[in-house]
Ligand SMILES: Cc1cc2nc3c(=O)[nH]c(=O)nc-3n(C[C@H](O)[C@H](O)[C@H](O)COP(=O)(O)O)c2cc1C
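We begin with a single chain expressed as structure tokens, specifically the form predicted alone.
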């Protein structure tokens, strides 16, 4: 059995121009577009009180135009460290957005240089910056000069396998002023296909002076321990593995800290969690909350008898009330005397 080195149970210090930060948890929750909203973060926080969580990715242009403000303005109502991840290709716009996020209470500013979505990369944002290293450096410099809190970067190994130079690329980001890097072990060309290259992350870790967080294919405490053993990284970031499993960050944190890993919720508890999330989303977003909740319910309601049929019905429920009734019936059936849960 792989065990975490003692260093991973100690806080991680991050520099900043005037406001250094301390990460008490070495497990980070990835920004997830359309997923990691305030309600989702609240669920993750139940199992991981000290973890660094992130807003959904924020477009600096949207903030400039007055859109997307809710993503940063709601930070003041939340406990625990929350970073704001920004993307754009214009240094001045990014600096202005970073100042707004800092004023709203952001724990740190993360610059997205890894999103593989074409409509973002084509405009020079996200992973498109991998092909514009000078511009990437100017973005970091502009944001770092605009705020006192640490500035970090999330990126990938390279644009494609043939031209990837993750060590050289990440050294450039460090030289530009990034205080921490999160490295996804795939190229932009791979998207989320294939296996993450943890050995490439290890090579980057050996070359950097700043902390490095490993990302990619970390879907369980065992994955996290194996990844850290191979890469020597300073922590892990968990992304798609938390979809429908907001407890995963806390489970990995327990494993890294040498504490007993909490059990995953039972089928009954997952249904109750799905119902709670549905109600919270509808309260916050009205009937549109049902559209957002559908994907969460689909991810959460798995692993028990009748789950496929329940998911099928939930995806077609026309109103929040009918979706909630489906979940309540499923909950009653699982709670019935003599019913065995998996």
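Quick caveat: nothing in here was measured; it's all calculated off a predicted structure. Positions refer to the first chain, counted from 1.
FYI, the form predicted together with the named molecule isn't displayed, but the following is about it.
A residue is said to contact a partner when one of its heavy atoms sits within 4.5 Å of a partner heavy atom; residue 300 fails this definition for the named molecule in the predicted bound form, lying far away.
Contact annotation for residue 112: at least one heavy atom lies within 4.5 Å of the named molecule in the predicted bound form. Proximity of residue 216 to the named molecule in the predicted bound form: non-hydrogen atoms within 4.5 Å are present. In the predicted bound form, at least one heavy atom of residue 237 sits within 4.5 Å of a heavy atom of the named molecule. Proximity to the named molecule in the predicted bound form, taken as a non-hydrogen atom within 4.5 angstroms, holds for one residue of 51, 60, 57, 274, which is 57. Out of the listed residues 284, 315, 69, 33, 33 is the one that sits within 4.5 Å of the named molecule in the predicted bound form by at least one heavy atom. Here the chain stands by itself, but in the predicted bound form one stretch of 302-310, 276-284, 25-33, 41-49, 25-33, has heavy atoms within 4.5 Å of the named molecule.
Using a 4.5 Å cut-off to the named molecule in the predicted bound form, each of 85, 154 and 192 places a heavy atom inside that distance.
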